[in-house]
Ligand code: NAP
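One chain follows as structure tokens, the form predicted on its own.
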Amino acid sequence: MTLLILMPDRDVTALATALNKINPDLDIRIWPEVGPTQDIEYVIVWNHPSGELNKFPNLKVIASYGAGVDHILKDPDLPEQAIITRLVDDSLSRQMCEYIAGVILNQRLRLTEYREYQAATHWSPKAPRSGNVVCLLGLGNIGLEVARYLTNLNFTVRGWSQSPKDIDRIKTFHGPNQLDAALTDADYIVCLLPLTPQTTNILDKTFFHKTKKGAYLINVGRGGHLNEDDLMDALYQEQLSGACLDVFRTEPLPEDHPFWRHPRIYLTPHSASVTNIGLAARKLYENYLNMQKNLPLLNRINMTKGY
């Protein structure tokens, strides 16, 4: 059985080394040097070329090198027999918790504002912002951990998801009909949703009109969740007080994109949760063994839901 790493434009040497350290006898190939295509049964992918996976007639597992699988599902020519899995590990959840809490506290305590005052040698103490209600869009593995983390920091946390959830100390909402209620009085709105046809462009003009005036948006889901023009309008109209964006429709963000220079948009380079290579290798290898032994695969996605 052969494992293929298929991640164009990325240096995958460290991942291959980590996998070989776990099992020196593992047959690893690195795309585009795939060798005999019939050997490939397990492939680790990120942003693969459309149609490429159909070249492997015995492919059993397509493993995403990340929590998201939208980069896989956008391929209209996926092999029907292959199971798709995603990467879930504790380090990704922990990083996301710290990132979101950091962004909220930065906004609440006016730290970026004070940095601007420093540059202008301007002394003007202000009280912290009073908003304490956080609405999380998406209550999967990572969203659940973020909800608990923020609750322990004494934020009032609400969660919205496509299907019902029952989480201690967190008021939850689900389905399109309950989105308005979830957003009511939310001071901070955090998008952690998977990208599906139902959630594409969910952060649009209609959505922003439902938010509390002056709410702050944090998007750590996918760039495809956000209608960029509608965000610019919402900021101009002061429906939103600001936004922190970690994901974008085009990455890297083009140098001429207006987000770079907008005074109320805070950007980070898709760094809210960065995969730990060693931990990822162990998770990926565990599923490789499960495939060999015909055991249930971890974090298998539901093709109907798209996550």
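Position 1 is the first residue in the sequence shown; the rest follow in order. What you see is a predicted model; the values in this text were computed from it and never measured.
As for the form predicted in complex with the named molecule, it is not shown, yet the points below apply to it.
In short, of 106-114, 124-132, 221-229, 75-83 it is 221-229 that has heavy atoms within 4.5 Å of the named molecule in the model of the complex. Although the partner is absent here, residue 198 sits close enough that one of its heavy atoms falls within 4.5 Å of the named molecule in the model of the complex. Contact between residue 43 and the named molecule in the model of the complex is not found at the 4.5 Å heavy atom cutoff. In the model of the complex, at least one heavy atom of residue 270 sits within 4.5 Å of a heavy atom of the named molecule. Heavy atoms of residue 148 never reach within 4.5 Å of the named molecule in the model of the complex, leaving it off the interface. The contact residue chosen from 186, 234, 142, 203 relative to the named molecule in the model of the complex is 142, the criterion being a non-hydrogen atom within 4.5 angstroms. Proximity to the named molecule in the model of the complex, defined as a heavy atom within 4.5 Å, holds among 247, 61, 34, 265 only for 247. Residues are counted as partner-facing when one of their heavy atoms sits within 4.5 Å of the named molecule in the model of the complex; in 288-307 these are 305, 307, in sequence order.
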